[in-house]
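Shown next as structure tokens: one chain only, the form predicted alone.
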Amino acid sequence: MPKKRVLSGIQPSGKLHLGNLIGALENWVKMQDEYDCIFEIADLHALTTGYDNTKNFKNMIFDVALDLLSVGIDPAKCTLFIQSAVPEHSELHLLFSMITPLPWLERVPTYKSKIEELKEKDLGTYGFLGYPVLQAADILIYRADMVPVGQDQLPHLELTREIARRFNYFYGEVFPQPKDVLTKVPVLPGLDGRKMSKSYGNTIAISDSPEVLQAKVMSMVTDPARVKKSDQGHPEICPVFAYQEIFNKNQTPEICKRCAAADIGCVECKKILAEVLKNYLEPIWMKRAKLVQDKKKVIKILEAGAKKAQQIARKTLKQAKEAMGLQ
């Protein structure tokens, strides 16, 4: 019996961070052992918000590839490629754009919230509005059975299903309706206490050096109600403790007790966290250091992944165009 197919992707819009690691990548590593996984570096998606500055784009894409391979994405178990290397994505996106009603795109919750989050950017573009249509093309071009998503991405996946249903209604049964695999992960706060996001510049990158990681952890905001070490702490509202709960579970009860009793200060707590994170990331850093020395190997992996992905995408696109009377 063939394995069920999973499709997921990540944008090269900045260095991948700990939120990406625990929110998606560690789950990808597990899924590749059980499913036929197709993972894309979504460079076209990155253009929807970063179209005005692409000078460093190639390096950003390569950095993401390094991160994915270093955390355990295995090209022998899955298909890893760069989205724009498979032009069938763009062509199917164009075909879908012909049938997708404008109100469907305007009602996607993340459309307005992203505009609010990135006020400094001009996001009044067709590409940004049509982001979910391109996402639908990414998923449906591979006839994916499942898509791992967070809660905030559920409306995007439902739109994908709506586009599939509309296409099938007009032209016959071509596309399946992929199911969501809801990934429940704790929200990792950024250095400033807000949600960790590349947009906010408050991240700890997977590729940060030990020295940079140490400096970032020591700069983190803590319990706002605790001014002096002698003040009792409130671990439940402290961003640093949120990290302890995720990455340092064995010591969490003791740290919580000592913090609430003012027996440990924020500086000491941060030092403990910095060491824990260094130990957690060390295997990833070691693997990444080897990959950096063999750029040709990484490029070959991406090229082989694109060829493999394109074989599937071509068949699906041909079927779609025939259904529409274009071939």
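In this text the structure is predicted, and so the values were computed from the model without any measurement. In this text, residue numbers run from 1 along the sequence as written.
Beyond what is shown, the protein has a form predicted together with a small molecule; the following relates to that form.
For the three marked residues, Y131, Q135 and V149, a heavy atom of each sits within 4.5 Å of the small molecule in the predicted complex. Taking a 4.5 Å heavy atom cutoff to the small molecule in the predicted complex, the contact residue among I139, I163, V86, L80 is I139.
Scanning S90, Q251, T183, Q153 against the small molecule in the predicted complex with a 4.5 Å heavy atom cut-off leaves one residue, Q153.
Shown alone here, G9 lies within 4.5 Å of the small molecule in the predicted complex, counting heavy atoms only. A residue is said to contact a partner when one of its heavy atoms sits within 4.5 Å of a partner heavy atom; A42 meets this definition for the small molecule in the predicted complex.
Heavy atoms within 4.5 Å of the small molecule in the predicted complex map, among the stretches 101-109, 192-200, 139-147, 165-173, onto 139-147 alone.
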